[in-house]
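Laid out below as structure tokens are two forms of one and the same protein chain, each shown alone and named structure 1 and structure 2.
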Structure 1
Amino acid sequence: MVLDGIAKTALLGVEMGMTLVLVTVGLTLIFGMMDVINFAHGSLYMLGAYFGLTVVSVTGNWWAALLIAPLLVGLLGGLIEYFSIRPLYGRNPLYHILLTFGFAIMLHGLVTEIWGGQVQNISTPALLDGSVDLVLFSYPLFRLFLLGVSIAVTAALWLAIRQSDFGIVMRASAHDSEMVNALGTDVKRVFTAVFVLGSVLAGLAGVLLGTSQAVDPGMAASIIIQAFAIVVIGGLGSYRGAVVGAFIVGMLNAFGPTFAPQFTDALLYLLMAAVLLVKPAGLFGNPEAT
């Protein structure tokens, strides 16, 4: 039935969108807090997938990979921020772009050298194998788990930013870092924590998507293009914009190949151009920043 196909495609779009949130939120938090355009974010996502692949191959435990791989990516992200990005705060953003772009190239080369360039897969855990009947159609259990994790992490992060003490410090640092420093909080440590958080989210998305799709060195480039498009559509530095933009792009990725297969690759850029023509700051961006 047509209704079955539409409902299944819509659920796929929600799933794809919420998974993209995990990558995009980290990217937009880093930019909103630190004014750093992190071109290496897609490479951190890729490393999450490869770290997960290695942990699963060594231990045979997918759940261990889900825990360990994001933490390893977060550790690497913290080292990158502390030793290379931190000395460039306050300088022209072009320095950050060139630096993180260089990291992206270097990490791509390292991954290809260590793991090879072939497509690989992370085995789905037995507990999440199979499918579930959802009245109109059946849907893979792992994809439902992926959707649930993405929603839970997005909601928890939003609550943390709005309600927790650290979230208050984050928002204050983004608006007036000098005042926060004067009040006794080390803003540089806050920046490092935000960069680590964004890296952990990227690594988590890498493990999840590496399991549901595939793992290869090209995954970094494909995800970073979508992530930057989502940030532009939603508005630079806007958490709400990142979530809404990811949801829109997820739906576009799901329905595009069905209704406009010949324009699938162009739809994302057409949408981005249309949004920028109407709202140059993005859907939820700050117009004063443009």
Structure 2
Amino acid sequence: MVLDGIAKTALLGVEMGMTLVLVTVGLTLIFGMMDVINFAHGSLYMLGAYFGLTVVSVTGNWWAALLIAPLLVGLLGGLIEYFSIRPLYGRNPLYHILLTFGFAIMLHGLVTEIWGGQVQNISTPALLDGSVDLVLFSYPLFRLFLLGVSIAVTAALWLAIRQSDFGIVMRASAHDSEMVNALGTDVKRVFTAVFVLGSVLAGLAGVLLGTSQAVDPGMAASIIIQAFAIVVIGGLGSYRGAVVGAFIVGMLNAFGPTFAPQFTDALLYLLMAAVLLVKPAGLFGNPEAT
């Protein structure tokens, strides 16, 4: 009896951690390449959920939402990077925090204005409804799907960063963008591409988590701080760090409520502060260790 409880919680932790990766990867890649702390990343995630909500209500097809919403978020992210973050390269990186915080405020207002402040939900597609019997316990099918998609995306991205030409340019730009520029690659375009990629992933996470959990204007603020904690714990700019950090926080979120409900959030921030104090660059905070 105790065993299946623990096993179920552990699976929940893995699932929460892996879905968080979708959000944190964008955040950490963008920081690693451009030194930009993107406060609007949570808002992009939120927009993914709301776009998904609208696409589902218009087309009635969840799979269409899964495809269209992240692309729309990617487009929007690209526009934000192009027209507002670009002009600030070369300024103190603190200005990027300040700028993207402005977007977070604006998008929160916009979402509340368009979709209202109430809690909504994207309905689960019929194909993924129901739950699966996993010997010890049963688990919702959709959440297993969520886990599978997250793992697949994380692994594919890892391979792409390691192996593909674009991945090599990305890592090189993170290491020394001036040199990459001098060698004939337009680094600014690489930056835009990475920002779009991060936005698409955030949008994807928005549709997925908007289906398994809830959609409301507060979701941006609640995820962005968690995502910050994760990338700080893992090491700003490190891909591996974002994955490991998300895993740790996922486990904390899963087991915390059982063992110390009042301290779960406090533990997250304590962990973040402790890592910053002991190892300011984070667990994997080496820019080359992508």
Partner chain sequence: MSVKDIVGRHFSAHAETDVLSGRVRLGLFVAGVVAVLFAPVAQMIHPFWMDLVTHMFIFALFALSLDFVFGYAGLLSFGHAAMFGAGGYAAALLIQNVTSSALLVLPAAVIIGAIVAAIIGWLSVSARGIYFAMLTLAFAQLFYTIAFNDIPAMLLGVDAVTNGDNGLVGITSLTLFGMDTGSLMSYYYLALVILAGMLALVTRLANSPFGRVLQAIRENEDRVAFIGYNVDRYKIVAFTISGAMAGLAGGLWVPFNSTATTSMLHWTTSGELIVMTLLGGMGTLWGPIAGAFLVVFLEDSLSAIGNWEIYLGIVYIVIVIFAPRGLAGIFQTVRSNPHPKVLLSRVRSALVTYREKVFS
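Start at 1 and count along the sequence of structure 1; that gives the residue numbers used here. Computed from a predicted model, the values in this text were never measured in an experiment. We call the rigid core the largest set of C-alpha positions that still match within 1.5 Å between the two forms.
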Working through the pair one at a time, identify the form predicted alone and give its number.
1
So, superposing on the core, is the move of V14 at the CA at least 2 angstroms between structures 1 and 2?
no
Against the rigid core, is the Cα displacement of L268 between structures 1 and 2 at least 2 Å?
no
Shift in Å of the C-alpha at V278 between structures 1 and 2 after core superposition
3.1
